[in-house]
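Taken one at a time, structure 1 and structure 2 that follow are two forms of one protein chain, written as structure tokens.
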Structure 1
């Protein structure tokens, strides 16, 4: 358990200073660094906010050498930073290397330890090399699963779905029939891919179901949070663009096409047939109406509800959504309403005075 500073520096291809035999066991933040810990600093100015050894925050500007940490710990620092008092790894991108180190120090956090196939496999299931399927996972007929993919316990993959290589499918996920999942996709527990879109029409006051015979495409490098649901399209495909990351308890309706590299925070939703550009950012509990087109690099603050077409690079807030500077002005005006009413009262009173006079 653990790896020496020297070995880690070799694996990360970074130079180090300090005691190479230091054994590192875990990644951590600077505020809780302890024996075996590997932390990082992206900016030397961060040091000003470091806790003192006594745990009391100190607002004086300090140097790295001021910090007392365990001699059995290490810090990844910008390449130009100097310090003789600590074990250091030098990087042009300390955050990136800290993440890479985390994968080395915590291999078990993203993999099932147990490689056993007690799965319920249907007919004509195609498995790549080195596939893991845990107990009580159920794979229906005509499913294809790529190399190195891990399917955890309790997950159900229905007929004709395709899963790519190097995917990590956590427990109790449901993938409905004919879904297409790319490579390096992570689905957290309870995710539902490909449930029927919400489509009904009324005849004589009764709701009749509009069949949802389309599918879902989850492109490469997508990650989807716990209990999030992505509905299948009516005729065509609901698409989650490459590299997009969705948090927990999100709803993506039928026929949505989400652009690449988007980030959607928890409990947000996108209604049916809306299409977004790349790099959409949605704050928590936000939403987008149906049948809209959003440009690329659109940002929604938390709890925003977008109800109309939004152009590239717009930042919007509120319900209904307004450009951020407008929303802020509106909030300020609302906060001033009380004084406004008083000013009007004053005007009216003085006018009455005049009329008397």
Structure 2
């Protein structure tokens, strides 16, 4: 299945040039575009990184006509980029429209809008319109699931949890009791929402459990990657703010309040009771200590460990974290330690010789 260039332009509300009956079947990068492919260019300077028809890279070649692609393919380009030899869609934001086109050309998971006879539904389960629940999913008592939501095989949703509209829950997700999932949320395989927070205390040399009786709130438009875990709060709620996107293998501990539109890369973690502002960005394998307050628009470079509060708009790096300009100076000093050690050793040897004299 595919869609013609003309029909796609209508759905994306874009103008086009070229052969409108060209059938487009998939999205791709410009470097591997082939028949039926749809790629994009955000900046004409990108053309310098592509080979000419002769297969030669030449930074002087910056015209789209210098790039050879299939006549049965198309490119989304800035409005001021023209070519009579290519099928083009004109956009003020080519990357955005390429992503929108991907949703059209690759619709992904099918929504059967059926409840499998092999699904196990408890008492007083409330289902919205057009809900899909695959076989071997288990829905406990008093669960509410909104319109157009898809629950895939092996998912477990425990007592009293609520899931909003247009959510996509992939296989083998666990949503524990009294969890609240907003609208348009995507949970990838193996996600665990609402596991007990890591709360223990010692008496007479033994570790005793602190009951975790709170819950988890996942706000609208959140996406959570495979095998990521969000712990329930001790008393209140662990909150993942609207529009946040979490990668695979992330741990968010109990009582954390993650601000809106945050981005967290894989193998990162936020310890208990930390509160962050909006637009937090965490590089891979980075972490935040417990009971901290982070400002908005804070960025952590990969493998950073934040051990103290931050202000708005800070960029930090290192372990423990430092402002980026300070961290760079420290790294420069570390890289020069070997030569510095040799210089000191020569000075010490010289001083010993003078003392002998």
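Residue numbers count along the first chain shown, from 1. For clarity, every value in this text was computed on a predicted model and none was experimentally measured. Think of the rigid core as the biggest set of C-alphas that the two forms share within 1.5 Å after superposition.
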Which of these two chains, shown alone, is the form predicted together with a further copy of the same chain? 1
Core-superposed C-alpha of residue 333 shifting 2 Å or more between structure 1 and structure 2: no
Threshold 2 Å Cα movement between structure 1 and structure 2 for residue 21, core superposed: no
Shift in angstrom of the residue 343 C-alpha between structure 1 and structure 2, rigid core held fixed, comes out at 3.0
